[in-house]
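Consider the single chain below, provided in structure tokens and representing the form predicted on its own.
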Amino acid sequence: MSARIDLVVTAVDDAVPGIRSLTLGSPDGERLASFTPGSHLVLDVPAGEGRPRPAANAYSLTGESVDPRHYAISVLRCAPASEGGTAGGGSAWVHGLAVGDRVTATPPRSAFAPVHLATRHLLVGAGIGITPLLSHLRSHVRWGREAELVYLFRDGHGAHVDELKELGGDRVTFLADRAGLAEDLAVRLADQPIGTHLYTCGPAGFMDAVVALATELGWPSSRVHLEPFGVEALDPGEPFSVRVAGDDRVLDVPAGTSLLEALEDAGHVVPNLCRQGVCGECRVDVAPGSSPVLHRDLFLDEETKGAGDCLMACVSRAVPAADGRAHLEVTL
């Protein structure tokens, strides 16, 4: 299990409808550990109020990354399953926190860091997906790097708009509709110097559109970086079966049930923390001869995913063959 840190809520900001910004500090007032821009903080979310078990949700850090006095996150309120939504309830819990409340978390870690050798950084975000990009922009301004940011949001629902204006000035472009974004990006993506890297975060459909346009204009995948929100919006996936080394049972993993949950239900103990494909705790080895793996985590790099010899049990699945069959042989 990863080390934990204790934090206390020192400020709450609900100025933007549906978005709560929290400031978290050390209970003893000490400075907190520095972090890589684009990092997230994984908060321990207790069971209760529609959450059948404790969880750990990752939220992007938006504040100063160098020797910070506090950590800052902004969280969109998503309806939990108990209210007819699809979310696990972590965001609703965050929206219920108040100044003085104590929380525990794992120290910041990054799956979306800036590439420092890039000649220029193009940041494209939508909605609450602006949060890791704000961290990027803050770092680029501090170190004098070439960077520009495009932010798409509904009128009155943009997060950190005033802060972005003050921080980025004319480096920041605000847009209010997808058509305007497509026109703007078509020009920007076609007119970037060699060595520019593209970073995007937002709803899946939005990121798909950004990546598709970049690909169409000849951007290599090595210069395009994505930060998905996590697994609350993942589709339920196709059913598959699994057998654990040393156990003769073949376990069924239905659509909508994670491999981690199936293994736990069968009595296997799998180290885990975030259950969102972020922390890397639930990594299991996959034996040769298994079906291909559908990797949906934010932890493994592309080379490791391509090898197909391991997966994150909380989010990844087996890819069915043409006959619909899919099976994994794993070692815990």
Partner chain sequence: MTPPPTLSPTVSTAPDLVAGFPFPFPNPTYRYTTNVEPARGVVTTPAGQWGAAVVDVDSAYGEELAERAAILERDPSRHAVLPHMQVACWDAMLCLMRELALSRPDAFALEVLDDLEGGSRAAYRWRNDLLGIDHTFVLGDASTLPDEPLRWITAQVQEDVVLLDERDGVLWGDAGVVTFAADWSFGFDVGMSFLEIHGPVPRIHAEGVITRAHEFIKRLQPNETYRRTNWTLTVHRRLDVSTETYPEWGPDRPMVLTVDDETFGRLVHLRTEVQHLVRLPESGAVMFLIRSYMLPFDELARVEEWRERAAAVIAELPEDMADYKGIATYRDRAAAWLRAQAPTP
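Positions refer to the first chain, counted from 1. Every value quoted in this text rests on a predicted model; they were computed, and no experiment measured them. Take the two forms, find the largest set of C-alpha atoms that superpose within 1.5 Å, and that set is the rigid core.
Below, we refer to the form predicted in complex with its partner chain, which is not included among the displayed structures.
A residue is said to contact a partner when one of its heavy atoms sits within 4.5 Å of a partner heavy atom; residue 108 meets this definition for its partner chain in the predicted complex.
Among residues of the shown chain, residue 160 is not one whose heavy atoms approach its partner chain to within 4.5 Å in the predicted complex. Taking the partner from the other structure, its partner chain in the predicted complex has no heavy atom within 4.5 Å of any heavy atom of residue 243. Residue contact check for residue 36: one or more of its heavy atoms lie within 4.5 Å of its partner chain in the predicted complex. Comment: its partner chain is not present in this chain, but in the predicted complex one of 258, 200, 139, 196 has a heavy atom within 4.5 Å of it, namely 139. Among the residues 115, 251, 211, 217, the one placing a heavy atom within 4.5 Å of its partner chain in the predicted complex is 115. Checking 90 to 98, 258 to 266, 172 to 180, 141 to 149 against its partner chain in the predicted complex, the stretch whose residues place heavy atoms within 4.5 Å of it is 141 to 149. In the predicted complex, its partner chain lies within 4.5 angstroms of a heavy atom of only one residue of 293 to 332, namely 299.
The two forms, fitted on the rigid core, differ between this form and the one not shown by less than 2 Å at the CA of residue 26. Shown in the overlay between this form and the one not shown, fitted on the rigid core, is a CA shift at residue 303 of 2 Å or greater. Superposition of the core reveals a Cα shift of 2 Å or more for residue 280 between this form and the one not shown.
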